[in-house]
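Just one chain is shown here, as structure tokens, and it is the form predicted alone.
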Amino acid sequence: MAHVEHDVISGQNTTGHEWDGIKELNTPLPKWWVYVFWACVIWAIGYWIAMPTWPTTNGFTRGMLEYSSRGDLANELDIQKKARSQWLTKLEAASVEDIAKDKTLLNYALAGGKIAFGENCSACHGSGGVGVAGAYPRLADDEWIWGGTLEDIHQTIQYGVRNENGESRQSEMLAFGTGDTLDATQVDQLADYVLSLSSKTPAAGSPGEAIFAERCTACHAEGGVGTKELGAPALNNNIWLFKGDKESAKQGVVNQITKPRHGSMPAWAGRLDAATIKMLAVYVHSLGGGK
């Protein structure tokens, strides 16, 4: 049995334990600390009973209060939706052109469209619609593959491009120089002419011009101005979607002539409500000035 002694130096009793001549003082915890400790124990027991706490094989204990942070969020979202409903109803009933003409609706649509763009579109098109070279087109300029009017943009967002939706925009560029009558020399001449168009100095009378007139104007139009209805981009500027960073300008054009790449965009109708799609169309139209 441990022998308790009184330590004359500290004025406290020992615990009776001794190791190698060193005796352990019996120093009890302060009363306030003990009270706080037991208060925390009582609080923890009460919390276990009142709140969702313990996991079970099929879920978790609900607690007497049956509190749910997810339920609180759902309620908050419902309240927010009701507060926004008057604006969303107006947006759903109005065309994108009418929204652009109404200053109040326009401001609301621009604010909502910016949020929706950040949540749904920026992963591909970049923050602010700056695009990704070699993959996704830039939206922060006034060059539009499928047309830049409000309704054009609205339709593209709704149904997307080259996807399984029956209303999506569809077109694919033919591969030249791989099975047709164009040989490598003619492909090279055609690439030179396309580059001359992009530099605003068309090589009139060149072999490439004749090839372009015969093979390319049906889609890209005379002078390479593009055809929005067909999704054929303009070639008379220096905007290249699929040119890789390590490719020369000419090699990029040759690659697209012989092995054309085609982007795809999902249809957002069915994923987003009509009002949100209209807000997106208005916001995207504002990024580059629109048509």
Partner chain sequence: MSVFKHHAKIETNVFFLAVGILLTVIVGGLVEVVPLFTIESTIEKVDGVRPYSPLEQAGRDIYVREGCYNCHSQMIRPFKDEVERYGHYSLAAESKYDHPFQWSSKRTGPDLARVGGKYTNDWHTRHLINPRDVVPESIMPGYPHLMRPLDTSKIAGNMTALKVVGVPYTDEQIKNAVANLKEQASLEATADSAVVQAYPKAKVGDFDGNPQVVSEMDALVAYLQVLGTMVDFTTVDHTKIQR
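Throughout, rigid core stands for the largest set of C-alpha atoms superposing within 1.5 Å between the two forms. Positions refer to the first chain, counted from 1. On a predicted model such as this, the values are computed, not experimentally measured, just so you know.
The protein also exists as the form predicted in complex with its partner chain; that form is not presented, and the subsequent description refers to it.
Only one of 90-98, 170-178, 149-157, 135-143 places residue heavy atoms within 4.5 angstroms of its partner chain in the model of the complex, namely 135-143. The partner is absent here; in the model of the complex, the one residue of Thr104, Ser127, Thr185, Thr201 having a heavy atom within 4.5 Å of its partner chain is Ser127. Across the proposed site, Tyr47, Met51 and Lys82 without exception lack any heavy atom within 4.5 Å of its partner chain in the model of the complex. Although the partner is absent from this view, Ser196 stays clear of its partner chain in the model of the complex, with no non-hydrogen atom inside 4.5 angstroms. The shortest heavy atom separation between Trp32 and its partner chain in the model of the complex exceeds 4.5 Å. Using a 4.5 angstroms limit between non-hydrogen atoms, Ile257 is distant from its partner chain in the model of the complex. Its partner chain is not shown here, and in the model of the complex it never comes within 4.5 Å of any heavy atom of Trp43. Along 251-276, a non-hydrogen atom within 4.5 Å of its partner chain in the model of the complex is carried by Arg261, Ser264, Met265, Pro266, Trp268, Arg271, in order along the sequence. For Asn238, a C-alpha deviation below 2 angstroms is recorded between the shown form and the other one after rigid-core alignment.
With the core held fixed, the Cα of Gly270 is displaced between the shown form and the other one by less than 2 Å. In the core-superposed comparison between the shown form and the other one, the C-alpha atom of Met51 has shifted by at least 2 angstroms.
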